[in-house]
Every structure is written in structure tokens, then in C-alpha cells.
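This document opens with one chain alone, in C-alpha cells, the form predicted on its own.
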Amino acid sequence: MEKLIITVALDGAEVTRAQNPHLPVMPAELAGAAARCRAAGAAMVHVHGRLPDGTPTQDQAVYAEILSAVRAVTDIIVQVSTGGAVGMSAEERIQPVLLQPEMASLTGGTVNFGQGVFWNPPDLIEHFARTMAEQGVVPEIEAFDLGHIENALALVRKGILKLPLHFDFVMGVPGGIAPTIRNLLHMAESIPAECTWSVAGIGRAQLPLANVAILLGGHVRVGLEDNIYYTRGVLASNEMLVERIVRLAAELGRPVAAPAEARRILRLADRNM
């Protein structure tokens, strides 16, 4: 197996400090959290922009601050969000890609998201994919359901994306695929053999799905965007969640990847789409 890539979704768009006071929000806070997670064993961070009052934003200037702050303190891979928050326009959501980060999330389709709808029609997905290709940004395909995998592979057939792709299976969002081991196996077996994948289990699903991913040769996403608790009733920090995965991986005989090793696994050195 390849070494294990640990990604940390540091903040997201929905979690608030009232829910977890450890949540990093401002660029300097995100950079500090990224550096601590790197020291703990993470290779990549997934970031969302926030305004000082905590409101989610996709403003390019905010992301520029985040990228600059993180790069000043650590060599960790920074993956920007193009999901933003439910209700944002495509024009808002794509802004961070124009800064040419190493990676960006690319959601594979529309999904009910709690009481809202995360709207990703085919023309939007194709526009985002083309923009990433033009900017030399490597996409991570966010698959909230099985059909999202097929949507991404359709873009490969059109020549917009190229194999191998990297997928992130987001499991447990109300409205998306259920976070079961059987479903994770199905998703992992539904992508081309040369592709890589990680799993982002939501809430209490994070830990059991991470264990399975380690054993299957996949990779793991943790972080406060997906899960604010360490154990029942005990609030987590991002680095606590990373440290636990590192310990589990060591027990299971799977070394973790440093950022340089993760770049090789994800083929980030070759920025040609």
C-alpha cells in the first residue's frame, strides 16, 4: 500500500465557534491549525474562507490571505473549497481557483444537504472542471453519492479531466450516501483502479470509516468541518483528530505520508491536466 494521506478539513462553512471553540476561522488561525496538523502527521488541509464574524465567503482576497498565511509556516498541501456554502452562486464559488492553488474540491453532483440543496448541475461541474484545468489546479472529486463518481468519469470521456483522478467519498451527510462499510466498499470498487481515494465520514461515522480506509489502502479525511467531537460529549481540535488517525495507522502497520510524499502519490508535481 501507498503511505496514508491524512487530509484535515479545518473549518467548513457551517460549524460555528459556539459549537466548538477550537474552530479556526481567520487566515492566521487557519495557518496555525495547519502547522499543528502538519506536525501531528497531516499532509493536506481543506479550507473554507470566512469573514471576521464567521460568515462563509468565497472572496478571492480572503483565500489569498489564507494561502499566504499557510505557506509562510508549513509545506502542507492546501486544497481550497469550491463548494462554499449552500446558496452561493457559481461565480462566487469558483473564485479561489483563480489563485492557482495546488488542489481544489470539485463536487460531482447535486445532493440534498440537510434541509437545503447543494446545487451542482452538469454545466456547473463542467465549468468548474474546465477552469481548474486552465489554471493548472488538480481537482479532488467530492462524491456524496455513487452517481457523482459517474459524473466525474463522464468528464474524463469528454476530455475535460484526465485519469488518474483523486476522489473523496463524503459519507453521512443527510441526503447523501449512508456511511456504511458496505457503501464504502462499493464506492471504492466503482472507480478506475489507477485512481486514488479518501473517505470523509460525517460525525460519528468519521472514526469507523477511517479505520476501514486505512485497511483498504485508501486515504482519510478528518477535521472539524465533518466532526466536532473526539468522543461522545468531548469536543475535538483538528490536531487531536489527526493524532488519533496517526496512532491507528501505526497500529495497523500503515505509515503516514508527509506532504512531499502525498504530492507524489497525488501527482501534484505534474500540474498538467
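Everything numeric in this text was worked out from a predicted model, so none of it was measured. Numbering starts at 1 and runs along the sequence shown.
In what follows, reference is made to the form predicted together with a small molecule, a form of this protein that is not presented.
Scanning Ser81, Ser198, Thr74, Asn151 against the small molecule in the model of the complex with a 4.5 Å heavy atom cut-off leaves one residue, Ser81.
Heavy atoms within 4.5 Å of the small molecule in the model of the complex are found in one stretch of 177-185, 153-161, 190-198, 83-91, which is 83-91. Using a 4.5 Å cutoff between non-hydrogen atoms, Ala13 counts as a contact of the small molecule in the model of the complex. At the 4.5 Å threshold, heavy atoms of His219 stay clear of the small molecule in the model of the complex, well away from it. Contact annotation for Thr110: none of its heavy atoms lies within 4.5 Å of the small molecule in the model of the complex.
Although the partner is absent here, Gln95 is not a contact residue: none of its heavy atoms lies within 4.5 angstroms of the small molecule in the model of the complex.
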